[in-house]
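Quick heads-up: it's one chain on its own, the form predicted alone, in structure tokens.
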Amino acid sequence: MEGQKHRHKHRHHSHGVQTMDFYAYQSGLRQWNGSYKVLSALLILILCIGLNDIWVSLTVIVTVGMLNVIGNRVPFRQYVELMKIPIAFLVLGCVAIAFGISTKPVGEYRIYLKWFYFYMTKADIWKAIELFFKALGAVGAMYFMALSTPVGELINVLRKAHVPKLIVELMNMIYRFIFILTDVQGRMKRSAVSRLGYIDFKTSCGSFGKIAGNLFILSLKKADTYYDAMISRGYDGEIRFLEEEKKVTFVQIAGMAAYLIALVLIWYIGR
């Protein structure tokens, strides 16, 4: 039994998506109302982007990060790993904003490269920094929702919000299918590694192409099997989830209201 638990836990920690799903089910905020969590995350995201203030963004990053680590019980190291991918994209995007190209020596900082100049201005640097922290705060708010709300609850929230049924069904199927393909891809890669398929760059490219081709074929077969399994269980075009009734307490409403007001005050003071 202990061995099975260990393997189950290891499987959930082996891929980022599975880790998020795992933490959503073991979150300390699991018993909070799903609609409340989704609405709270959206309001934080809207204020973080709409107020467009670096101090508001930093406040959201720190407070939501603490909530994810403490409330959602995500180890700090694992949370940092989850943030690495969006941070990498944000850094690349912000570098493109901060740098400019010109044939003339313009800007406060510049590098001459024989035919043109790479230059930066203080305004562009500050704009890139503000954008970086604003987007990172928005990502943290979305992680709060993803790490505390299982996909079944999220789908029920979308249904209550009258999102078209087709979109909700596709979202659920795609989400579930990610786990299947991730597991298959992991097995293929381990098999290729055991046969020295990644021993050098050229071999790695070949192995990657073969895995991608096989994965495409297997995804079609898996999709057909997945659909047959759903039909055999009475699927009629709509997937239904049992929903546990969770009440929103006054403390939760007051706490979120106070937090949102605090963000507005930080923005007002910093103007």
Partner chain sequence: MTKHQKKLIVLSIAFAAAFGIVPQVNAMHIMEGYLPLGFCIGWGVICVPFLLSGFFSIQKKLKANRKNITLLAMAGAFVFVISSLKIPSVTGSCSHMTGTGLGAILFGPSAVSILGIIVLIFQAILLAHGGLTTLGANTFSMAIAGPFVSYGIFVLLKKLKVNRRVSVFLAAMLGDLFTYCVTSVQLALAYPSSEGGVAASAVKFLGIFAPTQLPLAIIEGFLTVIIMITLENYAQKELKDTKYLEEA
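This structure is a prediction, so every number in the text was calculated from the model and none was measured. C-alpha atoms forming the largest set that superposes within 1.5 Å between two forms make up the rigid core. Residue numbers count along the first chain shown, from 1.
The protein also exists as the form predicted in complex with its partner chain; that form is not presented, and the subsequent description refers to it.
- Of the candidate stretches 26-34, 53-61, 242-250, 220-228, only 220-228 has residues with heavy atoms within 4.5 Å of its partner chain in the predicted complex.
- Not one of 66, 74 and 260 places a heavy atom within 4.5 Å of its partner chain in the predicted complex.
- Using a 4.5 Å cutoff between non-hydrogen atoms, residue 45 counts as a contact of its partner chain in the predicted complex.
- At a distance threshold of 4.5 angstroms between non-hydrogen atoms, residue 143 is in contact with its partner chain in the predicted complex.
- In the predicted complex, its partner chain sits beyond 4.5 Å of every heavy atom of residue 191.
- Residue contact check for residue 185: one or more of its heavy atoms lie within 4.5 Å of its partner chain in the predicted complex.
- Proximity to its partner chain in the predicted complex, defined as a heavy atom within 4.5 Å, holds among 129, 96, 196, 80 only for 96.
- Residues are counted as partner-facing when one of their heavy atoms sits within 4.5 Å of its partner chain in the predicted complex; in 81-95 these are 85, 86, 87, 88, 89, 90, 91, 92, 93, 94, 95, in sequence order.
- For residue 26, the Cα coordinates differ by under 2 angstroms between this form and the one not shown after the core has been superposed.
- With the core held fixed between this form and the one not shown, residue 156 has its Cα displaced by under 2 Å.
- Taking 2 Å as the criterion, residue 92 does not count as shifted between this form and the one not shown: its C-alpha moves by less than this amount when the rigid core is aligned.
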